[in-house]
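Shown here is one chain on its own, the form predicted alone, set out as structure tokens.
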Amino acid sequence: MAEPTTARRPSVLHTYRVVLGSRVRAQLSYRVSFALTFLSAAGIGVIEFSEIYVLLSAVPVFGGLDLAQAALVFALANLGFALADLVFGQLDSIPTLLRLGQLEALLVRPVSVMGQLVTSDFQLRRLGRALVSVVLLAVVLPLVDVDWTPARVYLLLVTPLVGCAIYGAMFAVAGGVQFWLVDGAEFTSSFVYGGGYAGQVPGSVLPPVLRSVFTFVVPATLTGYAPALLLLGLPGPALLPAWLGWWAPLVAAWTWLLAALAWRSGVRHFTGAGG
């Protein structure tokens, strides 16, 4: 007599991979629409860089950096933010889900709420913004004076990933705080996107108080400015020495620890909307 067989339960990672695959295939099936939205996302990156370009067209030095050096700061920070937005940008939908009472459906499923949100509306078009930063890096790196060493090559490769981790943690913190606030989308958006903007400009142009905030509270300056100083061999201003760039991976890990606590606290605090 044959023994009964039991179906193997798919792993959580397999479930996420299937969901992500279906989202990507659905977006690529409408090629014209995807191309337009991709170009629109790329246009955001171009517009943001144009602000720095216009400033440095009028003055030769911005925060102690010339155009190519400031573009390096922008490209590093913007690439990290674009990757974080690609992966964690869907957490912006939490206020809407809370208001409509739709979050309960995610809580009863046997996978994490964050994992469901990240995969629920994955937008491949956001790679357009990242592509702008990659192209900008390819243009400005030959123009800046960098004494390449293995350590600096490592720094260049790891900085966008560290930036993605730091900005991703900011998205997670903002999402966790939403469970405690009533319609706090504007407040948390200013926290996340304001940090993204602060990371894209030379930290030396920020007033000392803001420089401290965006270095030690919201470590946005460690996603572009501090690593760029290390690549260029520059010392950095007061309250933001260049050597902090080497500590960025540890700062990213610490930021994610705080983000995990904020997210876990927020989810546990949620009592439902009666839906």
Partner chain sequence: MRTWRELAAGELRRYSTYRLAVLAGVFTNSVFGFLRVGILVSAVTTAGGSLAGYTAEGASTYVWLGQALLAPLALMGWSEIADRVRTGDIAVDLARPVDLQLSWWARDLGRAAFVLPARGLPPLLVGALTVGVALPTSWTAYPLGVLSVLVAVSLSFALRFLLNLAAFWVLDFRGIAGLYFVVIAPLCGLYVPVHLFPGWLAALAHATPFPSMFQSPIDVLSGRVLGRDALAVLGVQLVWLVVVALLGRLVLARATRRLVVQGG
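Positions refer to the first chain, counted from 1. The model shown is predicted, which means the values in this text are computed figures rather than measured ones.
The same protein also has a form predicted together with the partner chain, omitted here; what follows describes it.
Under a 4.5 angstroms non-hydrogen atom cutoff, the partner chain in the predicted complex has Val201 among its neighbouring residues. Contact check for Glu51: a non-hydrogen atom falls within 4.5 Å of the partner chain in the predicted complex.
Contact annotation: Gly115 falls outside 4.5 Å of the partner chain in the predicted complex, judged by heavy atom distances. Among residues of the shown chain, Phe38 is not one whose heavy atoms approach the partner chain to within 4.5 Å in the predicted complex. For the marked spot (Pro95, Leu97 and Trp263), a heavy atom within 4.5 Å of the partner chain in the predicted complex is absent from each of the three residues.
Scanning Ala68, Leu55, Leu234, Leu239 against the partner chain in the predicted complex with a 4.5 Å heavy atom cut-off leaves one residue, Leu55. When you look in the predicted complex, the only residue of Leu230, Leu206, Leu244, Val218 with a non-hydrogen atom within 4.5 Å of the partner chain is Leu206.
Annotated contact segment (heavy atom within 4.5 Å of the partner chain in the predicted complex): 55-63, selected among 245-253, 55-63, 22-30, 221-229. Contacts between stretch 191-223 and the partner chain, counted in the predicted complex as any heavy atom lying within 4.5 Å, involve Phe191, Tyr193, Gly194, Tyr197, Ala198, Val201, Val205, Leu206, Pro207, Leu210, Phe214, listed in sequence order.
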